[in-house]
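As structure tokens, one chain now follows by itself in the form predicted on its own.
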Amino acid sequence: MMRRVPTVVLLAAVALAPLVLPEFQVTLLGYIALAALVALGLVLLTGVAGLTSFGQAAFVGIGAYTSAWLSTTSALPGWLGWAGGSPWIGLAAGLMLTAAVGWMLGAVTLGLSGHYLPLCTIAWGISLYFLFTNLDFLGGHAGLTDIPPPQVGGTPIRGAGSFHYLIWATLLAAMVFTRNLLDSRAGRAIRALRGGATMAEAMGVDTARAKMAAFMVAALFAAVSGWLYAHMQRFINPTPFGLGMSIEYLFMAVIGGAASVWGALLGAGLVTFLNQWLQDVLPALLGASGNFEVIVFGMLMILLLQRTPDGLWPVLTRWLPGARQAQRSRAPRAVPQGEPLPARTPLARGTVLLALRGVTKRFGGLVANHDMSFEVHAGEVLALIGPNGAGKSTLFNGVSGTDPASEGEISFLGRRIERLGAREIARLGMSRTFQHVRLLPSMSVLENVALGAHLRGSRGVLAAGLRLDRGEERRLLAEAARQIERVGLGASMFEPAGSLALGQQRIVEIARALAADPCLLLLDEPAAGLRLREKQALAELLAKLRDDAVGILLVEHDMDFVMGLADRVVVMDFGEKIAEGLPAEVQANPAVVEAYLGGVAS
């Protein structure tokens, strides 16, 4: 019930505003909604996907100028004459042009990381701004005038009141689209970008595609905002589409709550209102005109960011009436139900799943793995052990495609995979966990595990935003719930993954790997951080998987755990295999005793 309060309040305020407020304030509300639409795209792009852009105002300009020019010019070429005069055709053209420009810019810049990405967005944002100012047919610095209003049923939409409902209906639709997207397979792929490309690709997420999806949605939201702005103002020039406005949009998203849909609206309202209020109040207080509001505004922003780094919306929600009581008395949620997803055909026990032949990995002059060869069969647990620095995790990364080997052959189900990426290998039926837990702490356990089933679904961004993916989504969540129950964490299904103990988080990673329906499971130190009973439960689970003909390649330092579970053991030292055989044989091997096991065999 508490989650519906903001929606009810907003709908009531939007409906009543033109009836009770002066025209100026209604217009100001329109500007807030236009800014919130751009900030909403940045919530998805920056707050969720972790990609910083300082160029969103340029996309606003593309949407505004495309429609304004098509609606006002009388000198359209013959092949484009049909598009002249109609703001609605201008909207479609603006979206198509924005999509084309956004795709080209995204293809060039989204592969960059660190500070290079925001610097590139600054560069192309400034470039597009100066393009608007230097093209004569766009009016240069003077801009374009006499932009016609859109019409509905032959009636022009004029005045602050009429445009108020159009603008806010568009914003609300975009908010619903974004909420639907985040609550979906495609949304989890975008959110997984925060966990790093290595984890996301290992789960089968096409990270380049997920980045492009977030970038395109943010660009198209900005273009729609520009279209509304142009036809509401009926006049545009390049000033609102410069770098300064892009920075302001980013401020709105971050201050409101960069990972919250409602934060975009809160941030846009706060920044727009403060700008307007300071412009009115400061000259009267200081007795002089000037851009004093920029100084005060900057100081306020610094204070807010220091005190509320996650934005104001999370703080506000904690203080809503009854929020704390509702959180304490939260009723248990229903376990998702759905038809089982298609499963792989079980392989016969003893089938060779993985075969390594002379695998070597070099880092410059350092040889981390040298001439490694062994096989993993269906229905067995093969333990890979060795002292710290022996090269076990490096070999894991080479097998899973995270960091390909330098030499040698790696075959999975009879197919050479040493040059395949992690996503392609995951699609073939190999799934893994990580030495250092890689979960998305703010997402629930259920959502984290559902990410493991990413390749078992197919619905994309548009279907998710329009909520046409619900059947598939129910099946994915039901599969995730089954795997969580399977590993014994059903009671924590709806808890944030980051709130669990380290040992439990490792179990969540195993459930996530199982959600992919693998025939080969790579587990990197799964027992680390587990208590005795938890280790016993994990050993029972892995034994059941072995009985189901799943192959398991296990890296572990707990020798009691390994020797009680593994069918065969491969021992590494200084990147080389020094022994292979049954656990008892390995324990009795003098080379192993000297290099690793110490007194275990004595």
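We number the residues from 1 along the sequence you see. All figures in this text were calculated on a predicted structure; none of them were measured in a lab.
Although not depicted, the form predicted together with a small molecule is the subject of the following passage.
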Inset, instruction - Identify, from the list Leu366, Ala75, Ala288, Ala334, the residue with a heavy atom within 4.5 Å of the small molecule in the model of the complex. - result: Leu366
Inset, instruction - Could you spot which one of Gly125, Gly391, Pro150, Gly257 gets a heavy atom to within 4.5 Å of the small molecule in the model of the complex? - result: Gly391
Inset, instruction - Counting only non-hydrogen atoms, choose the one of 470 to 478, 513 to 521, 380 to 388, 271 to 279 that falls within 4.5 Å of the small molecule in the model of the complex. - result: 380 to 388
Inset, instruction - Answer with yes or no whether Thr239 is in contact with the small molecule in the model of the complex, where contact means some heavy atom within 4.5 Å. - result: no
Legend entry - Contact test in the model of the complex: Asn134 vs the small molecule, heavy atoms, 4.5 Å: no
Inset, instruction - With heavy atoms only and a cut-off of 4.5 Å, decide whether Gln435 touches the small molecule in the model of the complex. - result: yes
